[in-house]
Structure formats: structure tokens, C-alpha cells
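One chain comes next, on its own, written as C-alpha cells: the form predicted alone.
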Amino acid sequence: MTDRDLSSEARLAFSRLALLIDGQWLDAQQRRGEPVLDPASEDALGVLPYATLADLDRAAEAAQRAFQSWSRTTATERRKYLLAASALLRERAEKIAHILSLEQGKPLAEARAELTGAIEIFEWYAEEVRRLYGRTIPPRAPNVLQTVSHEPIGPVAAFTPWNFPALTPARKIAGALAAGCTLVIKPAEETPGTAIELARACVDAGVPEGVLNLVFGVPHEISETLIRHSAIRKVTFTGSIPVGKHLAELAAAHGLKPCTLELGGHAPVLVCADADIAHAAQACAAARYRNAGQVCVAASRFYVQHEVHDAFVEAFSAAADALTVGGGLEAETTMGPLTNQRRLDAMSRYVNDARERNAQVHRGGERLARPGWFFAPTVISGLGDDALAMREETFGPVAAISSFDDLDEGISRANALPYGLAAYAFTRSARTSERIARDLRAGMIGINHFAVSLAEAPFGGVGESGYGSEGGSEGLHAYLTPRFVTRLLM
């Protein structure tokens, strides 16, 4: 099938946007909804139905009912379902990648890579579920048997953002289902098509009715309804810090429900004088402008040792010049649009603040004069730590660069913000590398590269970037609770 055919099929999928509740697909009939917009053109792709309060109750009750049987399935059975779903996703990968690129805006190559990562998550959890080992504790008295097992925590309410519409839902769906939990998930309304395809693959793989439920609507109405619902026993959320704090308060007030919170970041990058500057600048630019900067673990604020600062800025700017900005499905595109108007407004705010502080805007700094939410790749240097772009998560194609003198200063400034999701550094010194790995305050640290998101590794932060992890064995155990049993054998 040609790219044109795949694009047509992807557009057709937006005429079938639906909720999934208790095994049934429910369309927009007799439900209010909202248009889903193409960020490259601002045209409507389709109409997304909103769940009613009755729909939400039904979804939570379906998850509770299905939990009774799903939690008792064997690890081998759950593995079978997850592998079947991943196989279907591989078969449908090109179509889904086109859907993802249309609704989110990222270049098709990035959409394909994201979908590959999502499929790997399904496959990894399918294998890891067979290693849900318990243990036997040596007794203190004869004829006593003491065991620890790991039991699924119960029905889960999950909430995911729009920037990675395949990868983030996959972490929550595959992790919860592998652990024996059922799920009501609310993906982002801006990018529903990709999550619907993930759910469709699970249904087509035979996942029983009620195990996975998919809803959309007004975010605060859905989160407050689901978290308060007595059926829900855990909350998992990826998104902003203020919303994460609010959901944690709701979860505490309504049953003291445990949460996994992957919240905002503003990842520092230390570029030391002994680094390979050409490699560092190219890697940093690629990491900054991937998905137009809309990445929670993106390289975001750059601290460059003063001896190599100018060379780094020059090489970074050259890498920005080499980007081709356009629609995600355009063959030559290497950076797509922002996902919504709000991000455009935010970019202008950061650039205007930098100019007011007499920082130097080397590249970009403005919206592109074409339909869609496009902002030029932007490079700014000479920023103090009080600049907005150095203090707030920019979440867009704005690179904020500052210089530092020695490693003590660099580490101190990198750790100065309350965020702690990801952090990075470039150095050829093993001693410096060890110190950075020890002293940077973040849940994930990359040295000389940016590969911190892997199916088999924990993904999560510290401080105001949240708590708990997804991915790795830690992500599986986030949906489990330990059970200790001691038996006196008569």
C-alpha cells in the first residue's frame, strides 16, 4: 500500500472515533463531542465523542466486574493476549503511524519509531509477567510456612497526554494488563486515534470485555468521576505538575489510592569542555527538536562550559538550520508543528522574555507564516537562570543556552529547579562522568547520549517531576501489592 493510500485510510479512521466500554464501541450518536484538528493545517479530522457520566460509571463497573476473572488468569494467559495484541500492532503499524502523524504532527519517521517503542513495551511486559516471582521467608518456628506473593492491585484509572499518543498509553495498558489489573484509560482528546487503535488491537487479540475501557471527554470531569469511584483502586497519570498534584489529592481523599505520577521536567544538559563538541551539539539539537520539543525528557536547558560555549552554539545553530519544518506526512519533513495554539503562544512568551533580557536569538524566534501551528527552531544564548526559558519547561522548539565555569557551578545550577525527571551530560572523562551520575538529581540520567526511554528500564522522576515508575520490572510492580501469608502447618 502506498503512502497516499495509507494517508487516505488513516483519515478514514477519524470518521470512526469511539469510546470502548465493556467490550462495546460507542460512537458520537446522542453524545456531545469535539473536533479533532490536524495541527499541520488546523482542519478538522473527525468528531470525538464524549463519555457521559453514565458511561463513566459503566466503564468503572465493567473494570471492577472483569477484574474478578482477569486477576485470576495465569501469567501464561496474560502473556498470550499481550503478544497477540503486539502482533496485530506490528501488522497495522504503517496505518497507525499515519494516524499518529496526522493527529499529533510529528514526522512520519518519528511516528514509526514511537509505535515501534509501544509495541516493544507490549512484548516486554508479555515476557516479564512470567517473572512475577514471590519468595519464601525462613520461619522462626517449626512447621511454619511463610510466603510473599504479588497480587494485582485492582481496577486502574489512567490518564495520558497528547505528545506521545502511542508510547504513553502503551506503558499503562500493557503494564496494568500484564499485572492482572483492569483499566479505564482516558487518553488526550487532541490525539485519540492512536490510542483507539491500541485498544482495537487488544480487543481483536481477544482481551475479555471490561478488561480495557477507553473514554474521552472534559478532562477534569472524567478524572474527578473516576478517581472518586469506589471501583477504582489505583491512579496513573502522565502530564503537568499542577494537574498531577490535584489528582494525587483526589486519590488520597477518596480511598487513599496509590498513584504513579510522571509529571513535568525541564531537563538540564551539562556540556563539559572535554566533550566531543561536534557530537554533543548534533545530539543535543536532535534531542531538543524531536517532536518539535514536545517531549517530557527532552534536552531543555543547556549549560555549556565557557571554553567551548561559542563553538557549541555555532554547531547547534547549524544543526537547527538543517531541519526542514513541515507537515508530518510530508516526505522531507524533519520537524513538525506544535500540537495546539497554546504551545505557539508559550513559545512567543519565552522568546519575548529572552529579548527583554538582552539575550541573543541566533535562530528562529517566531511563528512560521503558513497554515498550521508551526514555530521556527529557535536557538537563544546569553540567558541568566532567571529567564523564563531557564526556569519553566518550554515544551517546544526553543533551545536555551547558558555558560558555566566549573563543574561545581554546572551541577549546582542543573539541580537548582524542583524538577527531576531527566538530566544529561557530555564529557570524555570517566571521573567527571561518575561524579555527574552521582550528583545530578534526576530519575534518569544520560551521559553522551539521550537513550533514557526503554521498555526494560524504569521511567520516572523525583521531586516535582512525580513519583513511581513505568517501564522495567518497577513498572510492573507499580500495579501489584505484596501479600504476606504465614501458615502454621497442623
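Don't overthink the numbering: it's just position in the shown sequence, from 1. This structure is a prediction, so every number in the text was calculated from the model and none was measured.
The form predicted in complex with a small molecule is left out here; the points below concern that form.
- In plain terms, the part of the chain that comes close to the small molecule in the predicted complex, with a heavy atom within 4.5 Å, is 393-401 out of 135-143, 84-92, 393-401, 354-362.
- Residue contact check for Arg349: none of its heavy atoms lie within 4.5 Å of the small molecule in the predicted complex.
- At a distance threshold of 4.5 angstroms between non-hydrogen atoms, Ser149 is out of contact with the small molecule in the predicted complex.
- In the predicted complex, Ala188 approaches the small molecule with a heavy atom inside 4.5 Å.
- Shown alone here, Cys296 lies within 4.5 Å of the small molecule in the predicted complex, counting heavy atoms only.
- A heavy atom within 4.5 Å of the small molecule in the predicted complex is found for exactly one of Thr260, Ser223, Thr378, Asn291: Ser223.
- With the partner omitted here, the residue from Thr324, Ser230, Ser412, Ser240 that has a non-hydrogen atom within 4.5 angstroms of the small molecule in the predicted complex is Ser240.
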